[in-house]
Every structure is written in C-alpha cells, then in structure tokens.
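One chain is shown next in structure tokens, namely the form predicted alone.
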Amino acid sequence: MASKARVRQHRNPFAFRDPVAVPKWGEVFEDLERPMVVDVGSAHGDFLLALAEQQPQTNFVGLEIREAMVDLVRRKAERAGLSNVHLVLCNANFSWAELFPPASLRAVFVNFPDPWFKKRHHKRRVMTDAFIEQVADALEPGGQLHFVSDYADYALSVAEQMLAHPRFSNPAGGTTPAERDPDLPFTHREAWHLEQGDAIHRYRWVLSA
C-alpha cells in the first residue's frame, strides 16, 4: 500500500514567495456578477467547500501556501461538482494585491492562522498592518473581515490592530468578540477544538461604506 503523503502543518511564509499564477477570473467562474468571498489558509477545505455548497450563487476562492493541500481541496471540489470554488497556491501576504482588484470582494475569512508563538516569529503572522490595509482595499463597501483563533493573546492583538484601523468597525464594539454565526460551517480545526472543549475567539469587522 502506498504511504500517505505527509502535509506540513506550518510553512514559513518568508520561505515561499513564488510568483502567483493570477487566475483569469472571467474564465474561472461562470458569472463574475456574483459576489466573491476569500478563505485565507483554506487547509483541508472543510469550511470552504461547505460554504460553497450552501451558497451556490457566490464565488469562493481558497488561498493556501501548501501545495499538497491545494491539490487535495481541488480534488474534493471536483468530486463534489462545485464549480463556484477555485484554489490558488500562494502566499497571501505577498500576492494579495495581484489577485484581487479594489472593491472586488464581499467577505474575507481568516480562520485559525498560525499564531507563530515565539516573539521573533511574529513577523510571519498573516494579519500584518499591510495585509489588513490590502484587505480593506479589496473589500467592497460594507464588506466583512472574519477572524477566528484558538489563541487568546493573538486574537486580542489582532482585535487591537483592527480597532486602530480607521476603515473598519466592530459591530460588537471595541475589541469585543463576535457571537458564532450559526449559518457558517465549521472548519476542520474548529470542530476539533470544540470536541476538546477549547475556547474559540471570533471577530467580525465591517468596512466603512
């Protein structure tokens, strides 16, 4: 029996800055008039694919830095017959502006990003000030940025970053976490944490109109 390919849980974003193959969105999706939603770090694809199945009138893009995961989720999407899903192998921090024109996205999800615990590694975190600004540029007015983490300190630090951003507001107020949206599917990692009884920290910010 062939051995199962090992997929690294983490990948140093500074070690992956390959040029992205920018999709021709008009050829990727049947209807570009539909809203577009991005899942940053789509991993196993549980969340992305379930959301795409729930919302067939929305175009979904999964960004992932690990090639094996991209291939895995592409196969899953093909088997499920989901034509409203597209996977992109890229470093989101490095390639975002090339991928998404201004005001082109309805929502962005950043679910359980690597917290890079050591202080000297914090520069590897996805939620940098520069990335948040690029997300703001890509969202349409009223668009939403969702963030979920199981690491309280990281979640609070991101909430404080967002509180200082003039273009985003938190409907819950200040750095108050959001309630879980029952209409959203679970990510692979969220389901695992819930089984363990772990605390999960959720936030939602809205771009000013």
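For every residue, the number given is its place in the sequence shown, counted from 1. From a predicted model like this one, the values you see are computed outputs, not experimental measurements.
Below: the form predicted in complex with a small molecule, not depicted.
Segments offered: 59-67, 152-160, 23-31, 173-181. Contacting the small molecule in the predicted bound form at heavy atom distances within 4.5 Å is 59-67.
Across the proposed site, D129, L145 and S208 without exception lack any heavy atom within 4.5 Å of the small molecule in the predicted bound form. Only one of the listed residues (L87, A77, C90, V108) places a non-hydrogen atom within 4.5 angstroms of the small molecule in the predicted bound form, and that residue is C90. With a 4.5 Å cutoff on heavy atoms, D137 does not count as touching the small molecule in the predicted bound form; it lies far away. When the small molecule is considered in the predicted bound form, R189 lines it closely, a heavy atom lying within 4.5 Å. Contact annotation: V38 falls outside 4.5 Å of the small molecule in the predicted bound form, judged by heavy atom distances.
Contact check for L49: every heavy atom lies farther than 4.5 Å from the small molecule in the predicted bound form.
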